[in-house]
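As structure tokens, one chain now follows by itself in the form predicted on its own.
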């Protein structure tokens, strides 16, 4: 699940990373400077063009799928540079104490996902907006490790173009195919690095505050499935009699590059393979999911078209190689478990008519990051460029100074302005 979870940094792999590992050589040529920008005159930022210059840069970004059907962009194999844990009270720890270990279940396990919902469930307070705070704490705690590889450019203490959560990037990947939910992404440029933090939309707030009881319980089912599947250490077994506390999390921090965009992002990890011979992170990580059992061809088609898109995007970004899914009946009993290899999902969907394409997802994300780089030019932690998107529309943005959208905390600004020891 994606609820926001140590290793020393290793040298970054320079291999091309693609959904099916084929055709990498001709895909390497792609860059995303040819972004599909269309003019708009309803924006705060003004371009200054002279008659001898090219036309003013566009201030909206198309989300039309056909605009992104190009070669798959260069995406370097993600490298884990660290991790952190959040405890039962959501306190940050710069270690792996919340790591859990995957235990292979029976093929038809009959897990009761309703168990404990009323009496053994501690739910994280969704009214508390953590923004990027946990990632920023990790950056400060590991600043010496991050700065040891930096250039001598004093105005750019982090050698990354973007810092964000994996979940925010997942939303970008799925945008060309999203038809129901829009998003707001706040961007601040500070010391040369662009920080991206999500802002809850009014529609999302209303949905959260008016969530039906059935939906609340089904959210619990996903966490309960993890409890059935995970052990606290390599020698123990899962204990489904315990409390489900959604404050707890283990998060990986990875670095990678999407064409010319250097990325540092964090995402929650459900568990890791407990085999001592398993590969190092992130290749040993396992994502856990639940989904309604598939009984008809129409249900299978919808599963391929909608659910697998989000599963693929979420795991492909940090380099998590597999998703283990528990298929449940209407009453919340897991009737079967199936493993999906992320590298093979594109093959699974290839026969679906007009289905989603990994190349469209990645090219849109790449072009969005290029768009942000072009527009979010003022280096000032009190300035927020608020990028907004609603289905069937272009991405637009507005500029806000000293506003409620500011998200970089004073303690982070102060620490990152100080010269490293």
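None of the values given here were measured: they were computed from a predicted structure. Residue numbers count along the first chain shown, from 1.
Although not depicted, the form predicted together with a small molecule is the subject of the following passage.
Enquirer: Considering non-hydrogen atoms and a 4.5 Å limit, does the small molecule approach residue 120 in the predicted bound form?
Expert: Close contact is absent here: in the predicted bound form, residue 120 is far from the small molecule, nothing within 4.5 Å, heavy atoms only.
Enquirer: Please determine whether residue 79 contacts the small molecule in the predicted bound form, using a 4.5 Å cut-off between heavy atoms.
Expert: Judged by the heavy-atom cut-off of 4.5 Å, residue 79 is well away from the small molecule in the predicted bound form.
Enquirer: Spell out, yes or no, whether the shortest heavy atom distance between residue 288 and the small molecule in the predicted bound form is within 4.5 Å.
Expert: Residue 288 belongs to the contact set for the small molecule.
Enquirer: Residue-level question: is residue 249 within 4.5 Å of the small molecule in the predicted bound form, judged on heavy atoms?
Expert: Contact check for residue 249: yes, within 4.5 Å of the small molecule in the predicted bound form.
Enquirer: Choose one stretch from 124-132, 329-337, 277-285, 67-75: the one whose residues place a heavy atom within 4.5 angstroms of the small molecule in the predicted bound form.
Expert: Of the stretches listed, the one contacting the partner is 124-132.
Enquirer: Within 4.5 Å, heavy atoms only, which of 253, 320, 86, 263 is in contact with the small molecule in the predicted bound form?
Expert: By the 4.5 Å heavy-atom cutoff, the listed residue in contact is 86.
Enquirer: Out of 228, 162, 223, 138, which one falls within 4.5 Å of the small molecule in the predicted bound form, going by heavy atoms?
Expert: Flagged contact: 223.
Enquirer: Each of 181, 205 and 390 near the small molecule in the predicted bound form, meaning some heavy atom within 4.5 Å?
Expert: No, because 181, 205 and 390 lack any heavy atom that approaches the small molecule to within 4.5 Å in the predicted bound form.
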